[in-house]
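The form predicted alone is given below as one chain in C-alpha cells.
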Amino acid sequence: MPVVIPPADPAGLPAPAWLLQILLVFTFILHIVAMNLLAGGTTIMAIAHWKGKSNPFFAALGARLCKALPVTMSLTITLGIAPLLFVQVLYGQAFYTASILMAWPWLLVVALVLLAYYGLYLVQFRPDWLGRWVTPIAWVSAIFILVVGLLYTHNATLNLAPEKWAQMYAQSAAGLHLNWSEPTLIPRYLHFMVAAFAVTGLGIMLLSLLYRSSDSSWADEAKRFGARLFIGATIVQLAVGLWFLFSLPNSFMQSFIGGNTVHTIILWAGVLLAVLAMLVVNRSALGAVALTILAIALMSVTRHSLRGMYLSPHLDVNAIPVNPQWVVFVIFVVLLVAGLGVVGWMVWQFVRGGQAEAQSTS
C-alpha cells in the first residue's frame, strides 16, 4: 500500500523551522525533567506507603513525597504544553494522523491524568478520610501515570511510521489502533520510565536537604536511599538504552555508532555524563543533578535527530512555507520567560515551605 501523507497546513510556519525546532527541544527538556520526577515519584510514593506500615523511614518518605507530587504533576502538565504545540506546528501531518488512528486510547489520556491528579490530592490532603485506602489510591495514581506514558509512546512511534497509516486506516477507522508491532515500542518506553526512577533518586536526595537540620537521621537515610536508587536505575537505564539503540533500523543505529560524527558524539557524550553522575552522586548531589540535566539535554537532542531520520523520506519541515508572525512570536517568548519565572517562584516557595515545616516539626 502506498505511503499517504496529509498535506501541510496551508498557513505555513509562524517562524523559521530551525527556530521552532530549537524551542521544541528546549521546552521538551523542561517537560521531561518534571515528567521524570512525576512518573518515578508516584511509584516510589506508592511503594513507600506500602512499606511504611512497618518501616518509619518509608512512612516519612511517603508522607513527604505526597506533598511534592501534586506540584510536580502541575509542572509536568504546564511544561508539556509548549513542546506539544511545537510538535503540532512542525509535524502536524504526522501527529494528527497518529492521534486519529489511536483516537480513543489517546482521549483516554485526559481521563487518566485527571484521575491520577485527584488521587494525588486525596493522598496528600485526605489521608485520614481515605484510611486504609491511601496505599491503593497511591498505586492507582502511579499506574495511571505509567499507562499515560505508554500511550504517549504509542503515539510517538505511530508519528514516525507513515508507511503504516494507510493500512491501519483501511483495516479500521474506529480509532482503536495501537502500535504493539513496533520493535522499538517497549525499549523506548522503558528508556523513559527507568530514567524517571534515576531522576527521582536525585529528587529524594534534594528533598533530604530540607530535613538535614531538623531530622538528620532521616535525611541521611534518604540521601543514601536516593543515591542507591539513582545508581541502580542508571545502570539499568544504560542496558535499556543499548536495547533501544540496537532495536532501531540498522541505518539509524549506524548513525549513532560512528556513521554520523555529530550524532555519535552527542549520544555518547550523554552516556558519559550519566556515568560521571553515578561517580559523583555520593559526594555531591547537586553535581550529579547538573550532570544528569546535561545528559537529559543531549539525549533530547538525540531523540529529535532520530525523529528526523524516521520522517525525512516523507516529511521535510524545512520545505514548509514560512509566513512569519513575529508579533505573536515575541508575545510567546515574553510569556515563556514570565511563565518560567513563575515556575521558578513556585518551586522556591515549595522549598521554603518545606524548610519551614521541617523546622516546625523539629
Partner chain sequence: MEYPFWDVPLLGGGMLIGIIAILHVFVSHFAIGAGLFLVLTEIKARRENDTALLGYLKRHSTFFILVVLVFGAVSGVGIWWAIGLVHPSATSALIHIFVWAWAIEWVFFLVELLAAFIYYYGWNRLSARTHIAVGWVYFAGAWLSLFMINGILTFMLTTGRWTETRSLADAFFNPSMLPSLLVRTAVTIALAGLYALITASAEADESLRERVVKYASKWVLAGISVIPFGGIWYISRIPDQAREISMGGAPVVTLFAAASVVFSAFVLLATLLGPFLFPRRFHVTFAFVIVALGLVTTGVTEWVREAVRKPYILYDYMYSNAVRTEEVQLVYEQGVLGTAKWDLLHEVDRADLLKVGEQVFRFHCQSCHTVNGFNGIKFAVKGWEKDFLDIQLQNLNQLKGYMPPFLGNEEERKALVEWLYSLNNPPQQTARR
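Only a predicted model underlies this, so the values are computations on that prediction, with no experimental measurement involved. Whichever C-alpha set is largest while still superposing within 1.5 Å between the two forms counts as the rigid core. Numbering follows the first chain given and starts at 1.
As for the form predicted together with its partner chain, it is not shown, yet the points below apply to it.
- This chain is displayed without its partner chain, yet in the predicted complex the stretch 80-88 from 273-281, 80-88, 222-230, 249-257 comes within 4.5 Å of it by heavy atoms.
- Contact annotation: L24 falls outside 4.5 Å of its partner chain in the predicted complex, judged by heavy atom distances.
- When its partner chain is considered in the predicted complex, F144 lies well away from it, no heavy atom lying within 4.5 Å.
- At least one heavy atom of L75 is located within 4.5 Å of its partner chain in the predicted complex.
- Contact between S214 and its partner chain in the predicted complex is not found at the 4.5 Å heavy atom cutoff.
- This chain appears without its partner; in the predicted complex, the one residue of W243, W106, W139, W218 with a heavy atom within 4.5 Å of its partner chain is W106.
- Taking a 4.5 Å heavy atom cutoff to its partner chain in the predicted complex, the contact residue among V262, A290, A239, A174 is A174.
- Taken together, L20, Y96 and V343 are fully in contact with its partner chain in the predicted complex: each brings a heavy atom within 4.5 Å.
- Of the residues in 155-171, those that come within 4.5 Å of its partner chain in the predicted complex through at least one heavy atom are, in sequence order, W165, A166, Y169, A170.
- Core-aligned CA deviation for W18 between the shown form and the other one: less than 2 Å.
- Relative to the superposed core, L294 undergoes a C-alpha shift smaller than 2 Å between the shown form and the other one.
- Shown in the overlay between the shown form and the other one, fitted on the rigid core, is a CA shift at A60 smaller than 2 Å.
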